[in-house]
Ligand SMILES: Cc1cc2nc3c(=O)[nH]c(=O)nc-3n(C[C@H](O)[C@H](O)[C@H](O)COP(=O)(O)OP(=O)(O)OC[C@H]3O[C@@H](n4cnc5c(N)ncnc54)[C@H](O)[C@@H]3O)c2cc1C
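Shown next as structure tokens: one chain only, the form predicted on its own.
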Amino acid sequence: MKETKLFDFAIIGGGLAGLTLAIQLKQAGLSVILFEKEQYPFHKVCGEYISMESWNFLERIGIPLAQFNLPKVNTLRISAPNGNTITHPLPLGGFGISRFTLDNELYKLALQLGVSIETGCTVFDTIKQLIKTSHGNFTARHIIGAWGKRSKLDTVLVRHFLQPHNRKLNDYVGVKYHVKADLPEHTIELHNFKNGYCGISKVDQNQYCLCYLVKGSELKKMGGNIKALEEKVLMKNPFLKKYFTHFPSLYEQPLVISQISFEPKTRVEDQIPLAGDAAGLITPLCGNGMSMAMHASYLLANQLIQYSNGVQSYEHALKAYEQEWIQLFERRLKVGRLIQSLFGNPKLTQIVLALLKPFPSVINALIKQTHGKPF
């Protein structure tokens, strides 16, 4: 069925960036439609650790986090493939909540506020104010991209990070489980293995999120067999051998996403502002991708609301958003890519951890570079 209403804003993608942006724009009195290809609630490949920088923001827009009795994380533990470890406090810390829970709460809040949401809906193309979807055509004065790590729309927009020469950081595979575990709920653990690393931390419902990232080449060596990869590569790390052997999965099959890219991305394409993973991914080893997605929505919402109130032009709003995004996140992403480059190679990882261990101030500085401030 075709929708004839002209919305102020159409948001493509119903993850953290898309949902929080829709909520803020609607709370400012603007008409918003959001498109999501899945049906809520659903799981996503994600580490599910959120920096405390986002706590006040989520409560401010209407998510009562304090009522969920969520685990608070204040300690980081990293291991090399041979089992050598570093344990270090997290200055700001974070909390654990599953995307299944958080995205669904944001979805319900957006509906309650009056955001129009098309679920189970694929967006095929956008032409100026027209959005072509599997549910028909829709119109909006402005379109916003919040579609996540990779979308067909990236190809439609001929985005630079998809070009053939951008391959070094372009072929990662993410795998996620929820497991039953017996680990300290205040600690997030990151365990390295050849060409990848695995994180585990507690989330809501007394479950633990176990999520790993690996170069696609490693999975190809195993003929695409996830279990073989885990047994022959991940489980060479003694921590991961214990966890994959003793912690029962709550999924029949793991969630898997391929062709993840950590190449730099643009923030605006063809007058479409981009937020969340569509604008750039921080490496999971550094965490905080979820906080960055929500913080970007906050920056973009402020600029779009000023535009809608006649304070500035749309072009100025996009330029200001891009400048703020670069100022807040570009260094963070660069540090993330640097840190990722130091891990994955077993020998190099062991050397780096050995060098860092006697210098907690250096570890602290690196952690601060990958965390932001409350917004």
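Worth saying up front: this structure is predicted, and the values here are computed from it rather than measured. Note that residue numbering follows the sequence shown and begins at 1.
The discussion below concerns the form predicted in complex with this ligand, not included here.
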**Q.** Candidate from 82, 129, 258, 122 lying within 4.5 Å of this ligand in the model of the complex - any heavy atom
**A.** 122
Q. Pick from 195, 98, 151, 116: which has a non-hydrogen atom within 4.5 Å of this ligand in the model of the complex?
A. 151
(Q) Contact check in the model of the complex: 9, 269 and 304 versus this ligand, with a cutoff of 4.5 Å between any heavy atoms. Do all three pass? (A) no
Q: Give a yes/no on whether residue 288 approaches this ligand to within 4.5 Å in the model of the complex, heavy atoms considered.
A: yes
Q. How about residue 59: is it within 4.5 Å of this ligand in the model of the complex, going by heavy atoms?
A. no
(Q) in the model of the complex, is there a heavy atom of this ligand that lies within 4.5 Å of any heavy atom of residue 321, even though the partner is absent here? (A) no
(Q) I'd like to check something about residue 38: if you look in the model of the complex, is any of its heavy atoms closer than or equal to 4.5 Å to a heavy atom of this ligand? (A) yes
Q. What stretch, of 239-247, 155-163, 219-227, 142-150, brings heavy atoms to within 4.5 Å of this ligand in the model of the complex?
A. 142-150
Q | Partner contacts for 23-55, taking this ligand in the model of the complex and a 4.5 Å heavy atom cut-off | A | 35, 36, 37, 38, 42, 44, 45, 46, 47, 48, 49
